[in-house]
Ligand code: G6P
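Taking the form predicted on its own, here's one chain by itself in structure tokens.
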Amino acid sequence: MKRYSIAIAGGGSTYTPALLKTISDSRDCLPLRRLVLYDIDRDRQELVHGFARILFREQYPEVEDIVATTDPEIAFADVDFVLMQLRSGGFRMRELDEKIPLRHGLVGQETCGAGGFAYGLRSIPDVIEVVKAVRRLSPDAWILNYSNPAAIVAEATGRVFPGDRRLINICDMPIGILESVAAVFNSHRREFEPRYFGLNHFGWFTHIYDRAGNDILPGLLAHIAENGITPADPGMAEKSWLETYSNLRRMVRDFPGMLPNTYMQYYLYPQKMVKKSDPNYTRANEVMDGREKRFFEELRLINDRQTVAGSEYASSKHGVHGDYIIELANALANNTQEIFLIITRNNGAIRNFPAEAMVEIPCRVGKNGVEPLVVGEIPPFHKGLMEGQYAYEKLTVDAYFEQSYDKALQALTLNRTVTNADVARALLDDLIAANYDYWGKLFR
């Protein structure tokens, strides 16, 4: 079998070690020749690099080369896959993305509403820069982009790289939900085949088929309405994720018939989400004080001991995030023709929705890329919600490329978590001030 060269853009991410563990455990289907970690934060990445060398020395010694670099010329030369997980601005800016909207009495969340708007405008240039470097240095590489906010990033990259079938935008949230669904049935998510439509972090499961072709969704919805559901991914054990999943019970009771993405809570109940939020301690603080802190402590311990023995990486258990990405890479490399939920150009898959929109729908995946499945027409309620969200996403990207304050104001005013033009203007001015080091004179 061919042995692959894989680059991880965002090599210092807290998600990278679990992703590396998945790569190690997937050697039979996706053999690795060379691994490259790329990040602008040298210190974070060095810890991950040390971990990678130890992990592969103990569990995957066949890997010939493990490189860490801050130079894109080194990172993206002669690679087969680029797994892109950028966080533009890091957790420091994520904290502001969450706290600034809350000061205005609005939803404070990193990908939804005003927080997602700010994060998106930081992410667009960084993602475009990486894709351009990859295309110059490895024209045929598959780029699997799961940098957030994925909807805005997909809309922007679709404009700059039209027709690039080897640039694939994905999100693991629907698969995380499917993992929790499988746990209800004491099964594994790959035993089920989803049907789903929407925009990223803004969609609904319409059917979930088991191996025999039976739709388990009606029974599942009844179960959730009665008993609720909890996250199965160990990476979602924090209090905020438990609360998020508990809101699925409310959503399926209020809007029966489909299973919504958990992020729909911010759009359906924005005032409730604001009321339950602590403006002084948000999800960013929870991550920095929890997962990020544990991440660095464990990696330092592994680097000091020079072994993964006794750590969570000694076993084969890892998160959905890494599993989904490598499953997709395997489908592309080995033409498995499996179905994945992909963010792709609509082109009529949803019949009564704009053809040019970047939608999240089931696609069959093989060596020639993604082939969207037909969704058909969607109901007026869901279509109406999606039309407003798509207009917001489009205007946000317009605002970036046109350097238009007016388009930025329109985008925020249109977002369901804002809706008030006076508040949107005050909010936008605060976001511009907070993001000056990233946006510069974008709206001046």
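Start at 1 with the first residue shown and count on from there. No experiment lies behind these values; they were computed from the predicted model shown.
Quick note: we don't show the form predicted together with 6-O-phosphono-alpha-D-glucopyranose (G6P), though the next part is all about it.
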### Message
Considering non-hydrogen atoms and a 4.5 Å limit, which listed residue (192, 340, 263, 295) is close to 6-O-phosphono-alpha-D-glucopyranose (G6P) in the predicted complex?
### Response
263
### Message
Can you work out which of 179, 110, 155, 323 has a heavy atom no more than 4.5 Å from 6-O-phosphono-alpha-D-glucopyranose (G6P) in the predicted complex?
### Response
110
### Message
Only one of 202-210, 158-166, 282-290, 365-373 has heavy atoms within 4.5 Å of 6-O-phosphono-alpha-D-glucopyranose (G6P) in the predicted complex; I'd like to know which.
### Response
282-290
#### Entry: Within 4.5 Å of 6-O-phosphono-alpha-D-glucopyranose (G6P) in the predicted complex, all of 15, 148 and 172 (non-hydrogen atom)
yes
### Query
Can you check whether residue 94 is within 4.5 Å of 6-O-phosphono-alpha-D-glucopyranose (G6P) in the predicted complex, heavy atom basis?
yes
### Message
Check residue 255 for me: does it contact 6-O-phosphono-alpha-D-glucopyranose (G6P) in the predicted complex (non-hydrogen atoms, 4.5 angstroms)?
### Response
no
### Query
With a 4.5 Å heavy atom cut-off, would you call residue 241 a contact of 6-O-phosphono-alpha-D-glucopyranose (G6P) in the predicted complex?
yes
